[in-house]
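Encoded as structure tokens, the following chain is the form predicted on its own, with no partner shown.
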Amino acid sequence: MSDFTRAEVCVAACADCYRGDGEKLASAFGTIPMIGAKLARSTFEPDLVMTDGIASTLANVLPVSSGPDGKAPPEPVVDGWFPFRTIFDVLWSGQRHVIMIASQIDRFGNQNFACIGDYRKPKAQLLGMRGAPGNTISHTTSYWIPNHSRNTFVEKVDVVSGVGYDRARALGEASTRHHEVRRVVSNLAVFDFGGADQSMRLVSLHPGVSIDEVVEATGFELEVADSVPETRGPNEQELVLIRDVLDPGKARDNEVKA
């Protein structure tokens, strides 16, 4: 690997999920996706909308961690009133792009973070449905998976929390109007849904990762693009932003080890 870490490659890959979105509400769950969204807003997607998580939009981009110098983070600069009722208007009109985490995901992008096993007597109770059904039907969704394994990339999810391409098609036009599962970023590689019948396809490998390693860690037959490049690393400007501005405390390394 070059002078950037695997975690920083994952940050850039998550930022690239937002490329071309313009003035959309960016939401991200997980440390690396949050840094990625802020990196996109700070560089190639300056019109992305970010909130304080309560009821305001922000004019500035806040870090996800503090540096070792103990310097206080910048104060949020509020530039708009964004109450809960307005957020739903944005969500239902397709003007949001969320990156969620998946405990299980299948080849068509059906996602589960509700429970493991039969829902009537689960082996493990997880988050539930939360906003996943509405998210996946109403606007663009991508996924972040920090530990790529056969337990996560499964042939069939135990419970459908987020809707994939096959189910959205079966539900009809009203469910496909804003439905888009754009990318899956794992700690090994990046995937889209350009395979047969909009199934998952390997599109890039993180530095130091082989196709065989990804196939071995995937529990379904994975389509592989004709040419699989290396996932890009952050450029010099992006590295400075990640290390000095957005995550000086290196919280990213807690999610993907350096």
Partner chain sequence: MTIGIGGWGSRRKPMSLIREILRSDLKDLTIVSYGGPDVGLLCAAGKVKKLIYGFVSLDSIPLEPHFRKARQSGAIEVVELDEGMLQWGLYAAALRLPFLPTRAGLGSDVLKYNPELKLVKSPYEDGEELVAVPALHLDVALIHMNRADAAGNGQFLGPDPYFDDLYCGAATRRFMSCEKIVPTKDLLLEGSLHTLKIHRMLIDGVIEAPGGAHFTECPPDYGRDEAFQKQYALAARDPDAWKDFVAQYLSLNSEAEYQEAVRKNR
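Numbering follows the first chain given and starts at 1. The term rigid core refers to the most C-alpha atoms you can superpose between the two forms while keeping them within 1.5 Å. Bear in mind that the values here come from a model prediction, so they are computed numbers and not experimental data.
Form predicted in complex with its partner chain: not shown, discussed below.
Which of 159-167, 181-189, 97-105, 71-79 has heavy atoms within 4.5 Å of its partner chain in the predicted bound form? Selected stretch: 159-167.
Contact residue in the predicted bound form, from I54, A196, A59, I211 (heavy atom within 4.5 Å of its partner chain): Contact residue from the list: I54.
Every residue of P207, P248 and K257 near its partner chain in the predicted bound form, heavy atom within 4.5 Å: Zero of three within 4.5 Å in the predicted bound form.
Classify K123 as contacting or not contacting its partner chain in the predicted bound form by the rule of any non-hydrogen atom within 4.5 angstroms, answering yes or no. Because a heavy atom of K123 falls inside 4.5 Å of its partner chain in the predicted bound form, the answer is yes.
Closest heavy atom of M129 to its partner chain in the predicted bound form, within 4.5 Å or not? Contact check for M129: yes, within 4.5 Å of its partner chain in the predicted bound form.
Can you work out whether S149 and its partner chain are in contact in the predicted bound form, taking contact to mean some heavy atom pair no more than 4.5 Å apart? Residue-level check for S149: no, no contact with its partner chain.
Would you please decide whether V154 lies within 4.5 angstroms of its partner chain in the predicted bound form, comparing each non-hydrogen atom pair? V154: no contact with its partner chain in the predicted bound form.
Going by heavy atoms, what in 53-90 lies within 4.5 angstroms of its partner chain in the predicted bound form? Going through 53-90 in order - heavy atoms within 4.5 Å of its partner chain in the predicted bound form - the hits are I54, A55, W81, P83, F84, R85, F88.
Does G80 move its CA by 2 angstroms or more between the shown form and the other one when the core is aligned? Shift of 2 Å or more: yes.
If the two forms are fitted on the core, does D89 show a Cα displacement reaching 2 angstroms between the shown form and the other one? Yes.
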